[in-house]
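Considered here are two forms of the same protein chain, supplied as structure tokens in two stand-alone entries, structure 1 and structure 2.
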Structure 1
């Protein structure tokens, strides 16, 4: 399995047309706010259809009936009519007030989390071009898995530019603005796998910032236990890949492309240029760079380095796993 498919996994049952089980206009309703949104949409839709017909039908009738032709001379007609003008100002106004109120009502429901939602809060960290989720028990994972029928709150944070947290099946969207928290909540009501998109343009990989959201029929405890990465179940390289995805993939590619930092592809064991001279990319340099990114900054990347130190954030074991991964990232 290549790394790209880990990062940008496609799931069959969502992308396959034959499995589309949403309505004509909408994907599946998978949260308890979805029905309200769809209802408002449908109301506006049919009212719009009515008014659109009210435009197009007279238009067609008029161009046929009043077209210039031999023997036709137009009857005199008014060129203004106050009652008519007020009519087509006031009636739409009333309808718009209805839409407005319904919209505000639905919106307030979407914005105000129920009290239960504060029990479970997931921190969603967006960065170019990945998502990282911190679960209530401290587990960090690139996957978003939610138990059904349990309200959950999201605390949204960005580590670089503006992203937007968009899950169509939940009818949920909230911008992730750097330098501040965003708050969203959802109560998933349907088991399945859905899409999470970034909806605010954030750079080259914007369209690749889509992930799966799984809603499962389990309790929070089961979910969190399942999602917790167990080092003993994987080999060192696999553990390293997991850590890479969580901590490094935002800035360092493994396919040779240059992001904020240099790519790891075919880097191991070669001489690399830094501001402090040429350095062999080996275990010592890797370890030093993880713990003190500013020690030897690679050219031509900006100095001081944008990379935060991982001193105290990674255990000795974890650093070793990472180094194992760096030796052959494209395995």
Structure 2
């Protein structure tokens, strides 16, 4: 699979999706909870429209009919209607109680996963500026693939700042707070490709935190087998590309564009300016930067570097795969 096809979510426009067939306000409903969320919104919206018309239309009529004109004088006192005053106090209060109760029921349904969801848990880790997902079989992937009609529980974690896990088609949004775990769940009900966003501003690369969510007509076991990355089935460059997408693509481009960090395009074998002086971009510099990002920070990027260390997170084989990719990322 080419790099472009894996990362198309970072370049394609949302409005070009064939799956967009939702309402004026929302994308299509693709989960169990979506209909309840939309129903609550519609109830509040149409009740608000009804009372807006009920209040504004008579108000305009009264403004015109009872405007100040020559020959008319104001009454000495206002009329009083107890029933009317009780009505416009009690009825809105009851409607607000209805909104509250419906909202609480919907919230509790969205926050309380069914028992079977605990069997299918995916860890979603957010970092500036990427997502990666750890499946129950231990596979770590930048792709989020879910089987249809299977409740899935997400364990949410941030490795740096506050992010937000937001999938509009599922009507699912949950903040991801550093230093603590969050939980969310979804039961996908429609096959298709949807979009995952970060909905909490997390830095200058915030808009890059987009990923596809694929809902497939397969069993959980089939998804686990399909998503598993097998190093032995790929060459070193392919394994390096996989590791780049998983760990580096959020901050480093391979097309020459500048993100939070420098681009890798045509960087290998060239002299690069750092705050410590000029260095050759070779195996030693690449390995040192992966394990100790602050050792030689590129100018004019800020220091200390925002890049996390991968000490203890990548094996020596994985570092070698990544270096092999960096030698020719545009291959």
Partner chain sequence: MAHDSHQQVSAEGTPLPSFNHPISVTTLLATFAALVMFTIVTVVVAKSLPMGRFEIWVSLGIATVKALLVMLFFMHMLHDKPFNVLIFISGFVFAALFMGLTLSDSEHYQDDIRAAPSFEGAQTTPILARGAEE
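Positions refer to the first chain, counted from 1. Since we're looking at a predicted model, the values are computed, not measured. Each form is matched to the other, and the largest set of C-alpha atoms that superpose within 1.5 Å is called the rigid core.
As summarised for this chain, the second structure is the form predicted alone, and the first is not. Taking the rigid core as fixed, one finds a CA shift for residue 112 smaller than 2 Å between the two structures.
Comparing the forms between the two structures, the C-alpha position of residue 144 differs by less than 2 angstroms, with the core used for superposition. Core-superposed comparison between the two structures: the CA of residue 234 exceeds or equals a 2 Å shift. Shown is the Cα shift of residue 295 between the two structures after rigid core superposition, which amounts to 8.0 Å. Superposed on the core, the two forms differ at residue 282, whose C-alpha moves 3.7 Å between the two structures.
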